[in-house]
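Shown next as structure tokens: one chain only, the form predicted on its own.
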Amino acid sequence: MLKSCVITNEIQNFTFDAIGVVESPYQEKFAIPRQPNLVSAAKGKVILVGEANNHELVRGIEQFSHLWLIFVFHGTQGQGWKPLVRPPRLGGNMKTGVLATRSTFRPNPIGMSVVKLDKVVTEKQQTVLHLSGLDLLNGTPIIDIKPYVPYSDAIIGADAGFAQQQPETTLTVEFSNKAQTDLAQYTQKYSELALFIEQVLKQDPRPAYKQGKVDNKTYGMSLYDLNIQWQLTTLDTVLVLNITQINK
């Protein structure tokens, strides 16, 4: 016999402590790829904190090539949320229910991201997970980490609506003579800097309504401690103008 189930309208509140914090090359929301693993050269770390800074918590985790990071959209949570949003994949012109998107502006500002685990290092009682394919803002609080399990998490034949296919990256990225000279100054510190910049710009980080259009605006983006200025010179060409150190 089936037992009856009583549903109440009682609302529960939950409080979570961060178990880690992200160290990321992305210093601002602009230029962060809209999904993880679109920019493989994006290297970062999760630094475990508090009681979670215990190597026992991640024992055996290196058996898995990829991890789910459950995190808080700390950079946008103060802006609140609305039931309808304008997904970039729809050109920023069509409204869709927020729960039918991966918008950062959610009833609870919680996100999830799959990243590649490169290695785990514990030194001087500090455990750090080294990652790549990152799409998270520097300083992002991590509230949980789970292994990515291919047979369960990758569902063949699943429908993804307006985001069924990975966005095409048809842009060509070129570096001006000045930018090439600037690159030479920072290559020793950031060995994959040119590739990183190229992969980020191929995603065309401009607002959705400008994609597929040429404008003469000079854009800037912050990666690591660097400011990169660039322009879209043709429909399929991005020119990096210069790379400068950010004064802090």
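Since the structure is predicted, the reported quantities are computational estimates derived from the model, not experimental observations. Start at 1 with the first residue shown and count on from there.
Beyond the structure shown, there is the form predicted in complex with S-adenosylmethionine (SAM), which is absent from this document and is the topic of what follows.
- When you look in the model of the complex, the only residue of Thr122, Thr76, Thr172, Ser176 with a non-hydrogen atom within 4.5 Å of S-adenosylmethionine (SAM) is Thr76.
- Although the partner is absent from the chain shown here, Pro36, Thr104 and Thr140 each have a heavy atom within 4.5 Å of S-adenosylmethionine (SAM) in the model of the complex.
- None of the heavy atoms of Thr127 is located within 4.5 Å of S-adenosylmethionine (SAM) in the model of the complex.
- At least one heavy atom of Leu136 is located within 4.5 Å of S-adenosylmethionine (SAM) in the model of the complex.
- Not displayed here, S-adenosylmethionine (SAM) is approached by Gly111 to within 4.5 Å at the level of heavy atoms in the model of the complex.
- In the model of the complex, S-adenosylmethionine (SAM) sits within 4.5 Å of a heavy atom belonging to Lys29.
- Heavy atoms within 4.5 Å of S-adenosylmethionine (SAM) in the model of the complex are found in one stretch of 198-206, 213-221, 49-57, 66-74, which is 66-74.
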